[in-house]
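This document starts with two versions of one protein chain, written out as structure tokens and named structure 1 and structure 2.
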Structure 1
């Protein structure tokens, strides 16, 4: 039996942190579209250049590129794995792609749920203003998750930086895109009665406990 959990949330909702905390409670395989796209962007290719162009503007990467990456990851899923999708699907086209793929790789006994970490626009802007990133993929926040040494990554000790998509203009555009694109996805999960909504504006530990309690009730974790 496979388990599929789709994690959603607007920019800076903290879903990435919550996924990391959840990993300490159970063995999940994470498929993070954002991470996969950033890894692909480092390569010297035409696709990498297209990804960089869109990400730096705060835009969504074209669906045909996302489809190639998702299909490659789905082929790696084993018969009894627990999978967390981080940030996928993000629009109607990707939702259709997901629906078609799940019909092919899932069975009636598999568990499928979506977790939506909810925060409002003002909180998004406050959180993104203090976010810092590292080339190794680690992320921090000067208020909520500060590195041990200011401006330096705990993992690899490289200098932290502010991402190009974290400036105020791009932040506003990202919020607009999320609100526009997420409507059909929210309706999809609600219609299937598999949507779990979590208040993401609480303390990190409280949010984590809420998520764990929901998954424990569903017998996904112990």
Structure 2
């Protein structure tokens, strides 16, 4: 039996932070499209240049590229794995892609859920201005989730950096895109009766406890 969990929510809702905390409770395979795209953009290739162009503007990367990434990752999934998707699907085309792929790779008794972490636009701006990221995937905030040593990752001791798309112009674009694409995706999860809504504006630990309680009820974690 496989488990699929889709983390969905606006920029800075805490998807990455919460997924990192969840990893301490159980072993999940994480498919974070944003992270995979940021890794891909570092390469010297035509695709890397195209990805950079979109990431730097805060726009969605073309669906064809996302499809290639998704298919590559889905091939690696084992029989009884628990998989978390961070930031997929993000538009109608990707919803259709997901539906097609799930038909092929999932079976009747698999668990499929979407976790929507809700926060408003004001809170997004407040959070992204202070976010600091690490190559290893850890995420911090200078005020709300500070590392033990300023500018250094607690887990791997590498130097923290500010993401290129965490500047006010690009943040506004990312919020706008989320608001445009949000409706159909929410309706889809609701219609399938698999939507779990979480109040993301609480303290990190409270949000985490809410998510854990939901997943415990569904027997996804112990």
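Rigid core (definition): largest C-alpha set, two forms, superposition within 1.5 Å. Residue numbers count along the first chain shown, from 1. Everything numeric here is computed off the predicted structure, so don't read it as measured data.
- Here the form predicted in complex with BIS(adenosine)-5'-pentaphosphate appears as structure 2, and structure 1 shows the other form of the same chain.
- The hinge between the rigid parts that move between structure 1 and structure 2 is at 180; the other choices in 180, 24, 159, 68 are more than 12 positions from any hinge.
- Put simply, the small part of the chain turns as a rigid block by 13° against the big part between structure 1 and structure 2, using C-alpha fits.
- Aligning the rigid core leaves the CA of residue 152 displaced by 3.9 Å between structure 1 and structure 2.
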